[in-house]
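A single chain comes next, written as structure tokens; it is the form predicted alone.
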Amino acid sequence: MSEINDAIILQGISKVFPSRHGPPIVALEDINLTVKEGEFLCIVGPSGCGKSTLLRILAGLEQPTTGEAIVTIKEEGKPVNSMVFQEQSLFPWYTVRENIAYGLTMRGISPQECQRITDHYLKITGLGKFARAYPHQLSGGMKQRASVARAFANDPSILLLDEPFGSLDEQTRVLLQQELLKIWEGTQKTTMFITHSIDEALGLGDRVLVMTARPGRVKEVLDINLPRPRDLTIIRSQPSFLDLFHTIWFSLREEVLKARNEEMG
């Protein structure tokens, strides 16, 4: 059995933002974390604890104040990472097909291969009939499916997802969670996924990272020993799922209360 390599190594990551009024804001403090290649890591924590900042550092959209973020898997000719945000990020002037194919086109992939890959992700996300539609013609769930399809189609080494389903209704959210699992299980992309939902983190992740109230630190990382492939409707009724839910909730609840007390002064 081949050894699983480290894909991401975070060493002493801190991030401080200047403030116009008052002292600087310490968003992250001394984050040390290793993510294995092919791992699906979910991140939970109270609002304002620096979860999104951490992903933005990995995406190269922010620079850490101190520390280092090392990405060890870099395949020639492929992007290091793709990021999917909660907010819609599709190009409004492109069709669904053109949005999904965008990264491939920018990388100079041949038209034939580009079409093959795009057709594949249109099919598995159920967007085939909407290939020629523009974003304004889609529902919120369809837009997020297209965003996820575009990220996977670009075939990055690492996938960074910042609450991609946070704004959706519960029914659509569950359907997209299952679709994401199906795509991930077929690609085994190293994935970091931010969510406010413990239920979502347990359904998707191999491990769950619980962050402290600001400044965000690693409070604990829990292994999610639930079998794969996962049927979310089945595993959520298992005793082990419920036990993990309560363990994470009690850990997270303490940090949420800290954050709330801080806001109230």
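In this text, residue numbers run from 1 along the sequence as written. Since this is a predicted model, take the numbers as computed values, not measurements.
What comes next is about the form predicted in complex with a small molecule, which does not appear here.
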Heavy atom within 4.5 Å of the small molecule in the model of the complex - the one residue of Ser52, Ser197, Thr34, Thr65 that qualifies: Ser52
The small molecule contact at Gly38 in the model of the complex, heavy atom, 4.5 Å: no
Any non-hydrogen atom of Phe250 within 4.5 angstroms of the small molecule in the model of the complex: no
The small molecule contact in the model of the complex: Pro46, any heavy atom under 4.5 Å: yes
Interface membership of Ile9, the small molecule in the model of the complex, 4.5 Å heavy atom rule: no
Option from 23 to 31, 231 to 239, 197 to 205, 217 to 225 whose residues, in the model of the complex, bring a heavy atom within 4.5 Å of the small molecule: 23 to 31
